[in-house]
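Quick setup: one chain, the form predicted on its own, written in structure tokens, and binding and motion questions come after.
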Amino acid sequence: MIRINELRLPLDHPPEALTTAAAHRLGIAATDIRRLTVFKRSHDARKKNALMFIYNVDVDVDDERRVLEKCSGDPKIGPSPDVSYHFVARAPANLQTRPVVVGFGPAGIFAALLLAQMGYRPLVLERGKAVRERTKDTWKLWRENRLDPESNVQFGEGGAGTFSDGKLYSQVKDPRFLGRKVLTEFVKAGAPEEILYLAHPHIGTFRLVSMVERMRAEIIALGGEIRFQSRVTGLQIEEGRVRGVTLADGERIAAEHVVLALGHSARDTFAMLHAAGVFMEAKAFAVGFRIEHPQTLIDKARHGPNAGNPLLGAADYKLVHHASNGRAVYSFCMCPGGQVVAATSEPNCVVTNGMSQYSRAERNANAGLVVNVTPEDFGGTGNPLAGIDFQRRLEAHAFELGGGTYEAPGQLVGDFLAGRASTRLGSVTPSYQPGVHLTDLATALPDFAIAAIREAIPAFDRQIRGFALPDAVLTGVETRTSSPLRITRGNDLQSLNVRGLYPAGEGAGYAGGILSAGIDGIRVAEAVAQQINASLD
């Protein structure tokens, strides 16, 4: 196969135009192309009156060697790379113990799936409930103000990414195309095949639920075991090596290889690991608000006269501003046509996040507007858990600002920029459930964050006209952008000071989204398999 990069065609091109363009680029007749597959499709929106699709395609042609030699001077043409996944190990016939995976979010799912596919029959321990039960519990908070601390947006089968936009793209380096393995498994589990080629693929919550169930079924069919409502409360360590885990009900499970695929909100587990002496360190993360605009405003600003074109879908954005006080303000987890959701996992705290369904058909666009914070800001230079305390203080204060009922504190952008409390909504109706309590958000974040966001919003308005819409709504607080600590590991992906312990995914500080967490889960599963086999040689 031959890879052709950056074929540009207008939005309204007919289907046959892609084959014609590929043949022209290769200098051959269209009839010489036996098969054409789209590897990636994006669009260039810089010229709003002339938006273009950009394709990377793989083509099967007659006499491939001759065509490649003829095109050797074109840097955008070459042999198609092998993007298929190749297992690095297989379980030996004399396997005596099974690896344990703690947590069943994206990293845990893919660690368990890969271990199961290689024959290692993993045992998965998930503190929350199965995804459909978990969904019911989550809706109880959104509709009835009833929080289950063990079953919510953060905890349960599928992890925090289940209640999100379902974004499946990442900026991590991926020379082995492990991301392709993640996407392929998702398609096998029921995701639309378009996620394999769209530049910014997403799935949405409803589809993720059924996909997670199918992946769970495959792990079980391959000999794995998944236990829900099984919270790990202790780690058995002897002479610097993990020997097992202890559950909340007192059960002890022997294990020589433990994957820690914790979510970024597993605060009690972080404290337990710290008390057990597992090496960890505070890391930077970000805090801020959610901002909501009419989706039509974002569509018009991003797509111009092509706004509403079904080929483009709801428009998104990615923004960053370097404020004069030295802070970076950036958009986070932008959800086109979505809603702002309650994402706390602790009583008497308010946390916001964004979520979209596959259709992205809701009236509002929302995104986090967040500001970077460092260990120096929250006293984390000598205390790995200091970031958790910092988050918790902001979340508890947001609960108070919201009226103490899990309503979120909110403010209109115009009032926020003017420094006055909001008393009534304008043209934008906020989507957050259980509801928004209008107030003044000036005390919801540290002063440096408030100043940076106030400076950033007008700057973003110069990039997206209408971003500073006075009636746009800010909702607080967004604090769970990433893990506030890192459970540091070495080149062999094991904990620096506990052999057999494999920190993985977002909670361990090694991923930032569904795709990157899945990739990390695969890498850790490979490391576990290779270590098990080496120990049996």
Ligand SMILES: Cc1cc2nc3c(=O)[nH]c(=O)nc-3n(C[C@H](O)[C@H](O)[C@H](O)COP(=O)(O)OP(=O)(O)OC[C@H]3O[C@@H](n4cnc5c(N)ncnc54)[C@H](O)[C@@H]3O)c2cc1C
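Residue numbers run from 1 along the displayed sequence. Everything numeric in this text was worked out from a predicted model, so none of it was measured.
This protein has a second form, the form predicted together with the named molecule, left out of what is shown; the following refers to that one.
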Please identify the residue among G161, G410, G387, G368 with any heavy atom within 4.5 Å of the named molecule in the predicted complex. G161
Looking at N353, S345, N364, T138, which has any heavy atom no more than 4.5 Å from the named molecule in the predicted complex? N353
Since the chain is shown here on its own, which stretch among 277-285, 148-156, 419-427, 237-245 would lie within 4.5 Å of the named molecule in the predicted complex, judged by heavy atoms? 148-156
Can you work out whether C333 and the named molecule are in contact in the predicted complex, taking contact to mean some heavy atom pair no more than 4.5 Å apart? yes
How about S230 - does it come within 4.5 Å of the named molecule in the predicted complex, if we only consider non-hydrogen atoms? yes
Please run the contact check for A266 against the named molecule in the predicted complex: heavy atoms, 4.5 angstroms, yes or no? yes
4.5 Å heavy atom contact, H257 and the named molecule in the predicted complex: no
If you apply a 4.5 angstroms heavy atom cut-off, which residues in 165-186 are near the named molecule in the predicted complex? D165, G166, K167
